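Below are two forms of the same protein chain, given as structure tokens: structure 1, then structure 2.
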Structure 1
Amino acid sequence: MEAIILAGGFGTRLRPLTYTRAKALLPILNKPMIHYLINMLPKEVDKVILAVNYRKDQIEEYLKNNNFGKEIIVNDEPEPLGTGGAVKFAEKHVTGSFLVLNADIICSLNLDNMIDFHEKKNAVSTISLWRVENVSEFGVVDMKDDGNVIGFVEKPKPEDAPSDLINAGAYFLEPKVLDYIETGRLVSMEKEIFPQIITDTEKFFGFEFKGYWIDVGRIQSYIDANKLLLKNQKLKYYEGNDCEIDGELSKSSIGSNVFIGNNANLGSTIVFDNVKIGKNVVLNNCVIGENCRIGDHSNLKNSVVGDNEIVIEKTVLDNKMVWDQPVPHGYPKKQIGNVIGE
């Protein structure tokens, strides 16, 4: 069985972290996001097709140095193709029913259970569903009691919403779905292809799961994903190798070769590798990129510091992005395509 992992986006809402790395390689408790996706795949998945475009070389290097026990193909898209276009571009590798996963979702979905549900329903398409509180922020499903999806309603008012269930970014599809997708253009699976399948087949089903689900699309949700896994593992904080920590940490993830000075205080913060944080520094709800230096007596809140940046001593920042280097050539100013349709 094959699984297609959609990892081709620039991750513009996670800049400046994604100026220098593929979004799928952002660390969560010091393991790249893509690590969690591949490890959640069922045993019968023996081939993984990674749909990539931006920073392909970084993803290939990571896969070369890590063995997941599956054949992994890096499918280099000539240009961003959207969710549908990326799936179509991987068609030559598909031999039967197949999974499609968005690479920026961290969740507790049991894919074996979803596949069993799909087969019992004799479905053409099955999508994972997650229950939300604020339906007005998402596209929600209109669904019968047996799980048969009959439509989607984009960002409805609460009183008009047919349900509180949203597309959670994992799909199990029959090969005939590929016939609906045009070749060589940017196609949204969610907005263009799924409605056609619902109309034509009436075998489009939704599979709700419980536990946790985070779309790691923004800096805050990225921080939240780290905190969630810390909580699940009953850890106060996570520490990499060769660190020297003299300060206090809570709900934080620290990379390798990190120095944290005396009386520093870090809460709900992610620190990448090779970082030096001075004495009496306060970091609250922040992300600090690789090879950074944070000067003594600085206070940062709700802020993100890109790789290789230096924050001088006594700096105070609130809700700021630190990036004093050139933006990489070709990096878009806004999001291209739409993964889940939020």
Structure 2
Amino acid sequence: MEAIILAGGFGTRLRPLTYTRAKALLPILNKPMIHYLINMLPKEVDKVILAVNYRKDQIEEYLKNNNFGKEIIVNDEPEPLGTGGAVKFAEKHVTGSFLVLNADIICSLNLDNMIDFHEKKNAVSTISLWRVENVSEFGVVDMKDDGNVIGFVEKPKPEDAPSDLINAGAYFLEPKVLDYIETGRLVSMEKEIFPQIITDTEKFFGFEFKGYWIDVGRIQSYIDANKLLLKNQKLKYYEGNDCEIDGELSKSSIGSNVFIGNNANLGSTIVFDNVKIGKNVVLNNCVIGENCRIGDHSNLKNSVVGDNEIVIEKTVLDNKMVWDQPVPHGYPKKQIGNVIGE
């Protein structure tokens, strides 16, 4: 069985971290997000198709150096084709019913159970569902009690949302879904294909699950995902290899080769590899990119520092993004992803 992982977005809401790396490679407890995705796949998935474009070389490099016991195909789109276009572009590798996963979810969904549900319902499409309070950033379903989905609306205004059940970003699809997607053009699965399948087949089902779920789409949800996995593993903090810690850490994770100075204090913070944090530094709810230096006596709150930046001593920041380098050529000014075309 094949699984397509949609890992081609720019991750604009995670800049400046995504100026220099693919979103799917952002570390959580020092492992790239894609590691968690591939590990949640059922045993029967023997082929993983990674739908990529932006920073695909980095993804390829990571997969070359890590063995997941499955065949991995890096399917490089010539240009971003949207969530639907990327699935269509993977068609040549699909041999039967298949899984599709957004690459930015961290969750407790059991895909085997979702596949069983799909088969019992004789569904054409089954999507995983998660209940939230604020649905406006997600796809929302209108669903009957037996799980039959009769409506899907992407990022509705709160007053237009049919329910509080959102698309959790994992689907099990019959191959005939591919016939609904036009070749070689930008297509949104959520805006165009799902509503069409609902109307045409009446065999579109929703599978709600409980436990945990986070869309790592923003800096805050990225920090939250890191905290959640720390909590699940009952860890106060996580550290990579060759670190020297002279300060205090809680609900934080640091990469490899990180130096933390005397009396520094890190709470709810993620630090990438090769970082030096000076003495008496306070970091609260921050992300610090690779190869950064944070000067002594600095105090950063709710802020993100991109790779290779130097924050001079005694800097005070709240709710700031630190990026003094040029924005990479071709990086979009606003979010595109599945909402391309707006």
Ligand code: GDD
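For clarity, a rigid core is taken as the largest C-alpha set superposing within 1.5 Å between two forms. As the structure is a prediction and not an experimental result, all values here were calculated from the model. Residue 1 is the first residue of structure 1, and the numbers go on in sequence order from there.
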Students should recognise the form predicted alone as structure 1
Open item on the list: My question is whether K155 is one of the residues whose C-alpha shifts by 2 Å or more between the two structures, given a fit on the rigid core.
Closed with: yes
